[in-house]
Every structure is written in C-alpha cells, then in structure tokens.
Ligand SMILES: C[S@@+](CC[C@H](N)C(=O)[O-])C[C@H]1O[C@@H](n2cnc3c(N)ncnc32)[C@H](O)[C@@H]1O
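Form predicted alone, single chain, as structure tokens, below.
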C-alpha cells in the first residue's frame, strides 16, 4: 500500500515521536543551529535643535550639553541591562543605525562612549554604521571623528534645495549650507552619503521641486531618498494648513505629480531604485540596515520610543524621556509595549515589508516559510502584473515604475491575499 493508503486505514502500529521523520535530518544543520544569529542595532537620540513643521516623531528640544550627557549615561545603562537579559554578547552585528531626532548633535566624546559600550556588549567587526545628521551640525572635525569611530554612512536631512521651501518647513539650514556640507563629506572620502528629500512640502511648485531633484542628482551622493510628506495631526503643517488654513499644502494629486516628476528624472539618471523610495548611484552603495529589517532580521533598539524586533517579538521603549531616564536609574529596562507574532504574522510581515524593496526573492521566502507566495496569491499577482505594478519571474517579484510610485500599495495587496489564503484575522495591514 502507498503511504496515503496506510493513513486511510485504522491502525495502532507506529508511535510518532517527531516531525519530520528522522530520515530527513542532516548533519550540516548542526552547524547552522550552533551559529549565532546576526543582529542589527537601532539607537534613537530624541533631541533636536528645532521642531520641523512636518515632523510627527517624538522629539525633545535641545537646550544644553548636560541633557545629552545624562541621556548617554542612561542609554549605555540600557545597553548593558539588555545584554544581561537577552545575552547579545556573541551575536555578530550586521548594521548600526543612530537616528532621531538629530544624532549629529552628539559631541565626539559622547559618541565614542556609546560605541565603546556597544563593543563591550556585542560582536562588532566592521558593520554598516549610519548616523542621521543635520547639515549645520557637521564639521570637518566631526567627519574625521566619525571615520575614526567606524561610521560608514551619513544620512543628511536636506528635504529641499529651495530656501523658501526650507524656511516654510521650519528648518534652519540653507540650500547653500546643505551643498557645502555634502561637498565636504564627499571630499573627505570614506563615508557613503544619503540625502533625504520630501515630496509635497508646503509651497512646493513644479519649478521648486525640479530644482531640488536636479540639484540632488548633480551632487552624485551615494543614495537619494524621497519620502512622501504627510501632514499628521501632531504637526505644525496640520495645524496651520488643515485646521487654520493659514498655508496651502499640496493636494494628494499634486504630491503624486511631484513624485512622478522625480521618478522620471531619477530613472533617467545614473540612480537606480533600491526600494520604492531610495535610489542608489549606479545601483551601488545599497543600504543594509533597512533591508535587513525588512527581511526579518533581529533588531535591538535603544532609546526613548525606539522600535525593536527580537525573535517573534516586536517591542518599543517608552516614548517619554523622563520615564525612560527614571526607569534606567532604577536598573529597569524601559520597554513599554510589545507584540508576539504568530507564524502567520511573520509570513505576512515578511511579505508586507519585503515588498518595500525594489525586488524581493521568491526563493528566500519559500525557504523560510515553506510556500511560494506568488503561487498562493496568483490572482492578485496577475492583477498587479497586468496593472503594470510588478513583473514576476521564477526567482523574484520586482516593482515596475508604477509600483514604485504607489509605494506600499503592492505589499498591502499581496499581504491581504496571503492573509486570505492563510485564514483572515482581525489585524489591519495599516
């Protein structure tokens, strides 16, 4: 009888002790099992010199150096406590990202203290190391210190190269200062440079936006990231533009038009899409930190409001700086909330976030989860392909220009179809 026939006949023979059967077990798997899984590190520095009109993040107004010194002491305490609790000591670090806020407000001695603490608690051997920076805070001395400390990438908050648009957004640097800072860093060598731009800022016109995109391309920085500006409830733009009607914000149709113009320029330039919002010079200098997280690698997060992922757990530190500092004075980890993912949640998350990348591997997903998401969501895949959002082959699913333009739309459609296949639930995709 076949195995199927045996299963159909009642029998008391055979005691099942495991699955799959031992004949499928292989010795090479032991090496994989004993290997320490890599990890990524995110540190949130909450202080800013000013509050940008579009910013919806939890930030603190920077007043004096003592604030930063107190914060760094608490941050290092959190790193040590987390290592004691989660045993990071032998896990190699793939990437480090210090965001904010304005991390470049940190003096070199404080950054040195943070890095020394990380080296005491993790295996750090030449990872990608990014720091977010504001153009006015960068000096030649600081650039040299960054390189000496192992920083490999700077992400500059530029947003626009038009002074009027910059001023309306509440930022204090000028287009000239941004360009001078970019040139200084590029001339120093040894650091990849990303510049952030915002599509849809108050006062934007075709002329000002094209000026910004053309200027960004001429810098030949390693990465250009174009985010969509959204006026969230807790922003000055929402208050002045939506509630009080004091300023005019671009409509959704206008913002879409701006992004279409940017894509037309960028795709005709040496920049190639890496994700639906980041473009890399000649397809090189890809950003590892974000990609690692979107592919499901662990992330240890430190600092107020920081998000992390460890195994099947998502978690976030407390948003309140005073609560954060008080917890660490009492030697308590400041983790405020979390969520335990099921096997189904992990599949949905990997597909939803993985589609942020310009191209996602079907093979990697299949090896991790045991299914080909393109096959089980065939109807949706065909719709997206016929609609010009994606192209599909045996190896991967890749965003077309239309898919890049509509950002997370493709990921949400595919994730919804996979969720339906696996069994619907009450969790929203956004």
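Residue numbers count along the first chain shown, from 1. Just so we're clear, the structure is a prediction, and the values are computed from it rather than from any experiment.
Beyond what is shown, the protein has a form predicted in complex with this ligand; the following relates to that form.
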Please check if residue 62 has a heavy atom lying within 4.5 Å of any heavy atom of this ligand in the model of the complex.
no
So, residue 198 and this ligand: in the model of the complex, are they within 4.5 Å at any heavy atom pair?
yes
Could you confirm whether residue 230 comes within 4.5 Å of this ligand in the model of the complex, counting heavy atoms only?
yes
Tell me, yes or no, whether residue 55 is in contact with this ligand in the model of the complex, where a contact means a heavy atom of each within 4.5 Å.
yes
Identify, from the list 102, 327, 223, 152, the residue with a heavy atom within 4.5 Å of this ligand in the model of the complex.
102
Single option in 298, 132, 317, 255 placed near this ligand in the model of the complex, where near means a heavy atom within 4.5 Å
132
Counting only non-hydrogen atoms, which stretch in 345 to 353, 141 to 149, 230 to 238, 116 to 124 is within 4.5 Å of this ligand in the model of the complex?
230 to 238
For the stretch 151 to 188, which residues lie within 4.5 Å of this ligand in the model of the complex by non-hydrogen atom distance?
157, 159, 171
